[in-house]
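There is one chain below, alone, in structure tokens, taken in the form predicted alone.
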Amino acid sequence: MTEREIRARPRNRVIVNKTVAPYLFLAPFMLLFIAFLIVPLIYAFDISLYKKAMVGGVKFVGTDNYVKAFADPKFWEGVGVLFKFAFLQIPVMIGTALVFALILDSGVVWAKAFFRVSFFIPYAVPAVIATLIWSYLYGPAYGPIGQTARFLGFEAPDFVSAKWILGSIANIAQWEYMGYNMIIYFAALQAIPTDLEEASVVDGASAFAFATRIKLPMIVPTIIVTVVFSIIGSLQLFTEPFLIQNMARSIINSNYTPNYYAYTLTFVGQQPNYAAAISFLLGGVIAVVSYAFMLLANRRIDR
């Protein structure tokens, strides 16, 4: 068969309707989303409406678990810890991420790719591994920080004491997620037209003024999104206190955070129904706080 004959042969083409194509591309994600998020949520909500009775097995109790959870002081104590953690960790993380992103975007730093990867690597480390690494560093007896302090003639700092424990946990989260936010800010800064910088130079604006009065205001929507994600992540704190608990048993109790409380209720107290209600109530708190922040931020932008 000649080349002309091959070209002349009709080819089998699969023609997909343009209105159907997007749904076909979304189908794999939607299937996983439904299977691993929607279905577990429905199941968790279903079991939260029941209670294991001493006699008669599991019985339907409606919203009794939610009423009990709403009045549970242990839950609200954990929520208080989360708010302290968020107020301590989020401003520092967002601030340092912005500073490093502005430095990398300024053009005065060599090997930008190296620094971007270096800052981002901690985000690729699983939270469990990161917490174990920092737990070793925090160790007053065996940690390198404590050993160095004693070698220099100082008292070894107790990073897992009641005074420092929340800051120590916040430091782990800062190390994990600062680079992630920095990359997002750096990408947003790179999208700013260079004409604006040239115009600011002509007008006599300094590099600091250009960064604070032009660059930062232009990426405010990006900052708002990262802060919302940070709020959601902070209010779900679990891994770090769960693993550090062995070093601070007198400080981190079973209800140190709501997620820790739900975990203890499920696997220690054998109360999965009440734990599910605790989890949904925490989800409600997260939704209210996130929405309130976005509403406040959007109002400030509109002014």
Partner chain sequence: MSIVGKTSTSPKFRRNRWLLTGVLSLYFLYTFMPLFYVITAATKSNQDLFSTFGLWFAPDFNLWDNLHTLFTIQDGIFLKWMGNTAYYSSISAAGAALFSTFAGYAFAKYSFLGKKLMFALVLGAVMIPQTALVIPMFLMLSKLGLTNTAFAVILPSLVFPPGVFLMRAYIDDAISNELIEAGRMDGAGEVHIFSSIAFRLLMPGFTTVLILAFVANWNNYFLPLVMLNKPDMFPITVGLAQLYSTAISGTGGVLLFTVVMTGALVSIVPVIAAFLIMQRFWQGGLGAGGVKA
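Numbering follows the first chain given and starts at 1. These numbers come from a predicted model, not from an experiment. We call the rigid core whatever largest set of C-alpha positions still superposes within 1.5 Å between the two forms.
Here the subject shifts to the form predicted in complex with the partner chain, a form of this protein not shown in this document.
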| item | value |
| --- | --- |
| 4.5 angstroms heavy atom contact with the partner chain in the predicted bound form for residue 230 | no |
| Proximity of residue 259 to the partner chain in the predicted bound form, heavy atoms at 4.5 Å | yes |
| Contact label in the predicted bound form: residue 95 to the partner chain, heavy atom within 4.5 Å | no |
| Residue 164 within 4.5 Å of the partner chain in the predicted bound form, heavy atoms | no |
| Within 96 to 124, the residues that have a heavy atom no more than 4.5 Å from the partner chain in the predicted bound form | 100, 103, 104, 105, 106, 107, 108, 109, 110, 114, 115, 116, 117, 118, 119, 120, 121, 122, 123, 124 |
| Post core alignment: residue 295 C-alpha displaced by 2 Å or more between the shown form and the other one | no |
| Large Cα shift (2 Å or above) at residue 26 between the shown form and the other one, core-fitted | yes |
| Rigid core superposed: residue 71 CA moves 2 Å or more between the shown form and the other one | no |
